[in-house]
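Given next, in structure tokens, is a single chain: the form predicted alone.
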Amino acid sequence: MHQISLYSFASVYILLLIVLMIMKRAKINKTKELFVASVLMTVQLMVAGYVLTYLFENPYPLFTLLYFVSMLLFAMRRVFSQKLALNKKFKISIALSFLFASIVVPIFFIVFVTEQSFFNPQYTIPIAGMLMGNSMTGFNLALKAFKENLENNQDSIHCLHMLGVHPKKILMPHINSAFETALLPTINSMLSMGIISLPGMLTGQILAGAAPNNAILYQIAIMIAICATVCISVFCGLYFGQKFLYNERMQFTF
């Protein structure tokens, strides 16, 4: 792969300045967030680059495991960074579901699909990162949609509850809607992939000199794994968590 010089790399921030100017011109009050996100992204990726270089040169199982756990913790922190005004047991259900999918699916993919050791950092860290990142995004979308649905439909929820409808039946349409919201980005990516766009993993492998056909097999496999991770984590979190939103007397305990 062609080595990018620091001078050439720095020129890409011209594009970021253009984006910031356009956002300011359009009076979108997110310029500060974008600037901070860009700085954090740059710092975090630079640090990650040095850490990964060390890990790849010293592939000790303990180091790989520690990095994997740190990714899980940071991803969970991001999921709960939004103010989720729902009870503690529901949040625990979300956390456990995220952990389950973000551990089981990467292990299955690395061991059975790539046929590598789970403690091989060159495979485990990037693959697990992709799966966790998409699961995190799916959860953020689902929880935001679910929270907004509950807030926007308080009157209808209250009326149905007063009529004696079981809380589970009241919540299920909102849960299904949030679940669909979580899956939409992944489904849309799969629909457009190969015709409209070449995904990042495929592009990266091709730029690194991998044979296109082999890179395509990896990309198909990782997209199915991403879909499974998002689906399992969000489904389990919402469907098992909803029972903690009401008690034995059928009263809501948001």
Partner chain sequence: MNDTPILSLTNIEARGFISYPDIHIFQKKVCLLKGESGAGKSTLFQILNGTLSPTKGEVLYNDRRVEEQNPLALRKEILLVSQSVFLFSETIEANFRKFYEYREEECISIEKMREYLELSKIPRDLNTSCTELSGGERQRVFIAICLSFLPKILLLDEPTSALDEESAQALMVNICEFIKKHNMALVLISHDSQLSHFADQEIVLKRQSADGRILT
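Residue numbers count along the first chain shown, from 1. Computed from a prediction, not measured in an experiment: that's the story for all the values here.
Heads up, the form predicted in complex with its partner chain isn't pictured, but that's what we're talking about next.
Think of it this way: in the predicted complex, its partner chain has a heavy atom of just one of Leu72, Val111, Leu96, Val165 within 4.5 Å, and the residue is Val165.
Site residues Asp155, Pro173 and Arg249 are all in contact with its partner chain in the predicted complex, judged by any heavy atom within 4.5 Å. Listed stretches are 136-144, 119-127, 103-111, 156-164; the contact stretch with its partner chain in the predicted complex is 156-164, by a heavy atom cutoff of 4.5 Å. Proximity of Lys169 to its partner chain in the predicted complex falls within the 4.5 Å heavy atom cutoff.
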